[in-house]
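Let's start with one chain on its own, the form predicted on its own, as structure tokens.
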Amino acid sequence: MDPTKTEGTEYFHRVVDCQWACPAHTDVPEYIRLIAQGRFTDAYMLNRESNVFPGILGRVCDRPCEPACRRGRVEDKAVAICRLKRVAADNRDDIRDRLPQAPHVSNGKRIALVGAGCASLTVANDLIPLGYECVIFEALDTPGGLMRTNIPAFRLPASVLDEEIAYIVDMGVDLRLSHPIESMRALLEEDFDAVFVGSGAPKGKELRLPGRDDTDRIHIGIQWLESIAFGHVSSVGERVLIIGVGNTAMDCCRSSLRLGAKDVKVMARKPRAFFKASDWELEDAEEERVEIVVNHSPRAFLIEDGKLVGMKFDVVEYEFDDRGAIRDSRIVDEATFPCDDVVLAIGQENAFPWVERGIGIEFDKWDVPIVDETTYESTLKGVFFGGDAAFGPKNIIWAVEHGHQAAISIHKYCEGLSLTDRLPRGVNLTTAKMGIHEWSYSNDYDPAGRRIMPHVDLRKRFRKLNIEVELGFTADDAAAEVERCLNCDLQTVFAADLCIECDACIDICPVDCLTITHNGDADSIEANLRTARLNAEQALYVSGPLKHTSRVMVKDENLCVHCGLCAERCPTGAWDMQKSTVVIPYASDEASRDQQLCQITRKAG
């Protein structure tokens, strides 16, 4: 095998699994170390560079980082990354003097943003400091989009939303509330240099079954949650069925309890392994005594004398293949469940009745705009999409990343530059050595289990709709949780020319992730590893030939716990622990690069 190339690549970025899995590539290990040091404001600001909404996402992020966390390979539970983010948000100082500022003079470019949700707000956050005038059109009378209308206040308090949205709006956003856009054609005729659509996926999916149109007690999940958020719905029947088992369904079932329901059931067509809801969402619902019924497929709504009295379901039995995928299914029985209300939470989809066909924006077979996955530009030049409006429902952190990338494209479009000529991500390495056996990070393995999030007592949390259930970690709990981090951004960097093949590193490695072996093809090297390879998706590091025997040092990145013992034991310094910092380019970086290129061009001319 060729020596692993680490310079000028994203090799070390991929090793930091949590950061690699985060759509916005937030520097997770660094910001949680800052929390452990009590530097909450610094942690918040580092977090905000990439995800823009640390207080919001510290409560409701879908946490793609946590399933990737290497701690989950050592034991069952990942580091509580999301909840640590909230600690920084809850304990920071005033940050307004550290936020980006709009320049005193505009650059003369005006950008229209449709929808005041997380994607549009991120675009404004990135473009206003560059001198752009950003006009956000919002149909509702308050900003926040689906963050405000679809996430209940018991999970995300309005005060947190208001504060973090205000940080962006107060930069100088022209926010036009109660101002729906009803015609893209008309918007394009206004004096804007580019348009960004971040209107979400505001249409809930229907379930057309017998009895659907014979009662007003069947609700569409996202619309029902919006009605609760704005006070239009304040009660529900005692028996409620939630159809669907995604995160929206979890919000609906828990909201039902707060509106007075006594018996709430979530009805799932498939077994639990196929649920779309996050594990923690399911756990929170079941803690509140919501019953989850599996393998029941809706057949009909039961109406008597114009009143909803129940639902009929087919009971389904599934067969699975060796990989756990469903191979076949059959109906084995039927069941009836009484109910007073039904909430349909079976998915969301895009809706663009206000975008006229024939103006240059092409739609696919699902009636969704065709959007470039790199530039976020539609087929009509100068019109960009992001968030759920671009590729369908995902989550907030994905919408934030879309906003960052769309902001780069909008800047380049307004400057007449190539949208695809973008700065690459980079990785900087700095040694963590402070002494012969001392590092600038805590490298002792802490066997402590994941901290348990304290919650409001069950007897108290249902008294009001806006009682936040999770109380947040204390500073001591946060510090203990941070110690569970394996510091994956502290890389084991190897210098083959310094190695004397003494095997000291191999002897001391607690997880046997190191092997010195003769080079060969991938299969032969894998066969010689000291520990069988458990994760083929995680890279093997292969060094250049060692000077004494021409063998190679091989490291299984999947097993390494970044303890630094190899570097402490090495007598020649062939191993070093080096902090890797991923450099993420934003619109401001692209603007600086473009300005420098213009200056160079002028000088050359």
Partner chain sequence: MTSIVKPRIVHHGLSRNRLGLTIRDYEGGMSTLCAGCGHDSVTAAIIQALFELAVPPHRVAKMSGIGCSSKTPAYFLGASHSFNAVHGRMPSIATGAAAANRELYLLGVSGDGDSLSIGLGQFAHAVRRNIDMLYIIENNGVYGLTKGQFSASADIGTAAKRGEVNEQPPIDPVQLTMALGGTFVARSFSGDKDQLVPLIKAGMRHEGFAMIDVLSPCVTFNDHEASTKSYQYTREHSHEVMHTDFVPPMPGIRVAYEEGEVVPITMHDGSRLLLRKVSDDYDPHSRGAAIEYIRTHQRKGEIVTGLLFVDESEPDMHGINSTTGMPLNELGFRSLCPGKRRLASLQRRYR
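Positions refer to the first chain, counted from 1. The model shown is predicted, which means the values in this text are computed figures rather than measured ones.
Note that the form predicted together with the partner chain isn't included here; everything after this is about it.
Only one of 562 to 570, 535 to 543, 48 to 56, 32 to 40 lies within 4.5 Å of the partner chain in the predicted bound form by heavy atoms, and it is 562 to 570. Taken together, the three residues Asp213, His219 and Ala351 lack any non-hydrogen atom within 4.5 angstroms of the partner chain in the predicted bound form. Shown alone here, Asp94 lies farther than 4.5 Å from the partner chain in the predicted bound form, counting heavy atoms only.
Contact annotation: Ile500 falls within 4.5 Å of the partner chain in the predicted bound form, judged by heavy atom distances. The shortest heavy atom separation between Asp507 and the partner chain in the predicted bound form is within 4.5 Å. Though the partner is left out of this view, Lys579 does not reach within 4.5 Å of the partner chain in the predicted bound form, counting heavy atoms only.
Of the candidates Thr336, Ser178, Ser442, Thr374, Ser442 is the one whose heavy atoms come within 4.5 Å of the partner chain in the predicted bound form; the others do not. A single residue from the set Lys205, Lys312, Arg73, His455 has any heavy atom within 4.5 angstroms of the partner chain in the predicted bound form; that residue is Arg73. Of the residues in 513 to 546, those that come within 4.5 Å of the partner chain in the predicted bound form through at least one heavy atom are, in sequence order, Arg530, Thr531, Leu534.
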